[in-house]
Ligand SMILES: Cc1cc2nc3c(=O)[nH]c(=O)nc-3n(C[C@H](O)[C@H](O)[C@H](O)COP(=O)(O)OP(=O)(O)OC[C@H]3O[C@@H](n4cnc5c(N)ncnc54)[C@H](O)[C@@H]3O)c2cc1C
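Only one chain is included here, represented as structure tokens and corresponding to the form predicted on its own.
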Amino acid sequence: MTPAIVRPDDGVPADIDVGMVIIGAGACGLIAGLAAADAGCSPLILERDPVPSGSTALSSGYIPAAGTRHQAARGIQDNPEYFARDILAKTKQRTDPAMALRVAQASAPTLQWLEDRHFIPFVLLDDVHYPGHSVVRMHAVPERSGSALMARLSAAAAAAGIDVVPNARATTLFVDPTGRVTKLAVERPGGLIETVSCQSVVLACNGYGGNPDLISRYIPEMTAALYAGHRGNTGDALLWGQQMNAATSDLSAYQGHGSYADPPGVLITWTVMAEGGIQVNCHGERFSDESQGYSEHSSIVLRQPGGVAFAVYDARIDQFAQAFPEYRTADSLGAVRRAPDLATLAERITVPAAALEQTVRHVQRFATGGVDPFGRDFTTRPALKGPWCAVRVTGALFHTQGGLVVDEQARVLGTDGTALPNLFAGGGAARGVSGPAVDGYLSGNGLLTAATLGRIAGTAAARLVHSIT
């Protein structure tokens, strides 16, 4: 793989001259492109894959937003200040409060703009209350999947006349003595290298989850974890930024998931836990408070014998989870084991029957007010009862949350605090709002910064092009 490098401008004329280049055609890149087009700029989006997908297509596709008209229609009172407070609480006050408020303030206007200007509909997911959010604020396209969100964004980009070039991996940034990116080298099929000159660049190529060396350096506890993110997330934005003396922060932050079916390698919605399900290890014993966030549970599960656990729940939760496309996929692939009684279930998932039965009996008592030693409140949901279901799961890494530090215009900042001349970043390429560790990830943080910073970066980068030309 050609490394991501930065070189001085060699003075060689470019093959293509454009005003603005966006690297990456996931949600962040496509939203940046739509924003740029609305600002009167014609961006060129470079996508390394044959078809745009990225981490967005692998995600649930849920975007949290505060103060939306969808919330108002349900009588839900929410505002950016409440949202920012939840973000800060999840990180234990260890993220930038100004940035948290900035993306919270941009969340509802971004969704409304996508709906009204680009005809991408959203619905409020009011049937699930995600851990850490004080109110229901998760939104999705009607199909409720990341692949559907990508399809709608791609269609909107095509309708706006935006050039998205597939099979085009940016490998080299050329900079002048002031630090301005003047050209990019782009690797095309067959080893062909093309150069593109530009006035502004938006980095929308996510983080470094697909780069084992960077994982070992920054989040070594996930070195052996399954990687459920996009393989193209090789840390190019981070590597370019570091070579340009850009400021970075929270590189130890990431979104994991403690409920990844293994096999077949499909996400099991954390709704199973939120609705009253539990996790047991291979000894049939619980090992944590499952009502915590799914991100921090990734490392907790990995610390269990064999790095696996079993989600155990009942038919009521099974029926509820069928509303989620990923769960239906996992079920169709045989991941969900069902049994009329706990003894049979224990046999099917190969855990000790006596231990599993005792664990479930304790949980059933907690539903009527008993004290759980792990501190979980089981009284808010019906007590578990047969028939039973279970899924073998492991902890997985989905995407990193640290990255390049950006300002209010999504401009990349140098280590001295000044903005680099024409470089912008959003989504996983930029520092997120999850603080420095896995337990700071609030559900939806990834697509929150992809959508909001994508729009902010696209608009600001387009304005810069206009000011130059």
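Numbers for residues come from their place in the sequence shown, where the first is 1. All of these numbers come straight from a predicted model, not from anything done at the bench.
Another form exists, predicted in complex with this ligand; not displayed. Remarks below refer to it.
Although the partner is absent here, residue 200 lies well away from this ligand in the predicted bound form, with no heavy atom inside 4.5 Å. By the criterion of a heavy atom within 4.5 Å, residue 32 is excluded from the residues contacting this ligand in the predicted bound form. Of the heavy atoms in residue 240, some are within 4.5 Å of this ligand in the predicted bound form. Remark: residue 276 does not count among the residues lining this ligand in the predicted bound form, judged by a heavy atom distance of 4.5 Å or less. Only one of 183, 90, 297, 230 comes within 4.5 Å of this ligand in the predicted bound form through a heavy atom, and that residue is 230. When this ligand is considered in the predicted bound form, only one residue from 170, 114, 363, 389 comes within 4.5 Å through any heavy atom, namely 170. Against this ligand in the predicted bound form, the set 26, 56 and 255 is in full contact: each member has a heavy atom within 4.5 Å. Across the options 333 to 341, 205 to 213, 281 to 289, 104 to 112, residues that bring heavy atoms within 4.5 Å of this ligand in the predicted bound form belong to 205 to 213. Although this ligand is not shown here, in the predicted bound form the stretch 392 to 406 places heavy atoms of 398, 399 within 4.5 Å of it, in sequence order.
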